[in-house]
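Take a look at this single chain in structure tokens; it is the form predicted alone.
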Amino acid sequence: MSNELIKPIIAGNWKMNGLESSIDELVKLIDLSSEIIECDVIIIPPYTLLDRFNSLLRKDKSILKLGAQDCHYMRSGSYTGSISAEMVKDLGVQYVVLGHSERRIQYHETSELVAKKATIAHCSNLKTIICVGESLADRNSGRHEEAIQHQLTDSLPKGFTNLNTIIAYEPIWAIGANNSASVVEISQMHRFISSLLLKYSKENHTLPIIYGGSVTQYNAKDIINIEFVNGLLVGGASLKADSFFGIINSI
């Protein structure tokens, strides 16, 4: 799938970072990004900042979009400490990240649970960014494609389409390692994921596939130019407006 067919998606995942003072970074990014039309830019702050960020984005009529870092697999109920898809949608959220490797590893979330969350997210009219990624052991043993195939097959919900789903490939061994996967490794895996999606249908072959794992303003351009790479999922470099805009601007 040619990169030109899909508008690049640049998503900034703040993870468990950000306080009230972080609003200044968003204000700066809104100003820097006021004339961007070449990319879809998504900001994914912690839950505590979603309402404030939504208010600012609406007030400034910003083109930036808002995402949440997770949601529960039930619409509502006795789930202390959890947040539902309807709740984040009510805060102006348009996207939700599901199946991030940190959730899979730290909270033992299975691909089947990811699929349940994606189903409820779609019912709430949220677009899902479904993450897949192999471990270093899988990569070194040559089982990386098998691992991704299992994750992808089991994480995608029934009824997913290129209008409500984005796939994020994040090799676990590259996240926060200051060393992204190589151009060859990224190209091979994105091509493989694209071929898997083609088996579902020709329509779903056009699902955007974005890359995440130690993305910076210095390697973003090289990565986005790889065939079958339709965008970037950025971690630490998205916390500061200057570095995140540097990534956006490099596209």
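One rule holds for the numbers: they count along the sequence shown, beginning at 1. Remember, predicted model here, so these are calculated numbers, not experimental data.
The form predicted in complex with a small molecule exists for this protein as well; it is not shown, and the discussion that follows is about that form.
Scanning Asn54, Ser33, Ser194, Ser214 against the small molecule in the predicted bound form with a 4.5 Å heavy atom cut-off leaves one residue, Ser214.
Checked against the small molecule in the predicted bound form, the candidates Ile120, Ala174, Leu152, Met87 yield a single residue with a heavy atom inside 4.5 Å, and that residue is Ala174. Contact with the small molecule in the predicted bound form, defined as any heavy atom within 4.5 Å, is confined among 108-116, 152-160, 95-103, 72-80 to 95-103. For the chain shown alone, Glu134 is not a contact residue for the small molecule in the predicted bound form, no non-hydrogen atom being within 4.5 angstroms. Heavy atoms of Asn13 reach within 4.5 Å of the small molecule in the predicted bound form, making it an interface residue. Within 4.5 Å of any heavy atom of the small molecule in the predicted bound form lies no heavy atom of Val229.
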